[in-house]
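Encoded as structure tokens, the following chain is the form predicted alone, with no partner shown.
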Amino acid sequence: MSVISAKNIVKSFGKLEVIKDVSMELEEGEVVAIIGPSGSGKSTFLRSLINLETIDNGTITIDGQTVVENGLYKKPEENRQAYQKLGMVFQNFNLFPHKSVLENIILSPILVNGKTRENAVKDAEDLLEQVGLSDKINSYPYQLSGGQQQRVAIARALAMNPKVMLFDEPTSALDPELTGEILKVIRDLAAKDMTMIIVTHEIEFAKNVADRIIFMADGYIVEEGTASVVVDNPQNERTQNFLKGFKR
């Protein structure tokens, strides 16, 4: 059974249709990278999976639980448990500026999952060690580089023990020299069989870490398959033209 199933997703903003009948399945342990030009619907599709955007039509099932069917959403209290199985990392970190690194990470596990503070702190310490930031546990976001803030954001998402991690352009707000430290964390998660969907412009990274690559353009999935197919030997002219701008 797919851990995420999205079928015939349609989404418009006013008269602009940004997702046009998009379907995908995500298997447990699979890493899928979504690439494509800006404005192709990649981020909107990702945000739709976790209910940060509502869709106009289509069906979304998360770990066997259908949260929206033919564009009709179940009651929020019915869907809450399903959405909690998804963790999201955004382009711009979205850390609470007035809270320390530790408090950013433990807040949701305590308030939402009902963890004791003691257990939440222990988990936060383990996660900060995992992302290489044990020494920043009492720092505040303004004291951290962009790369460090993004690693804290990843630790915060992982603290909720999600079944799937969603990454929306996790390096786009970073200087090139800071990008590598984020990509390393994601590679490490992939090595531990974390199920992930990654929207990214980092084509070589997508090629190296993803089991499957989806190329989106103009609101459609134009091409999908293994990296060796989509990146090294694209069949669609739209994909070929997009990849001409990247070193391979």
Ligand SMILES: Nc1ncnc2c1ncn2[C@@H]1O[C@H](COP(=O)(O)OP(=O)(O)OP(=O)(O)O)[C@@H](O)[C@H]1O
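Sequential numbering from 1, following the sequence displayed. All values reported here derive from a predicted model rather than from experimental measurement.
The same protein also has a form predicted together with the ligand, omitted here; what follows describes it.
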{"query": "Interface stretch in the model of the complex with the ligand - options 32 to 40, 203 to 211, 190 to 198, 54 to 62, non-hydrogen atom within 4.5 Å", "finding": "32 to 40"}
{"query": "Every residue of 96, 149 and 181 near the ligand in the model of the complex, heavy atom within 4.5 Å", "finding": "no"}
{"query": "Contact flag, residue 18 vs the ligand in the model of the complex, heavy atom cut 4.5 Å", "finding": "yes"}
{"query": "Contact set, 144 to 175 vs the ligand in the model of the complex - heavy atom within 4.5 angstroms", "finding": "169"}
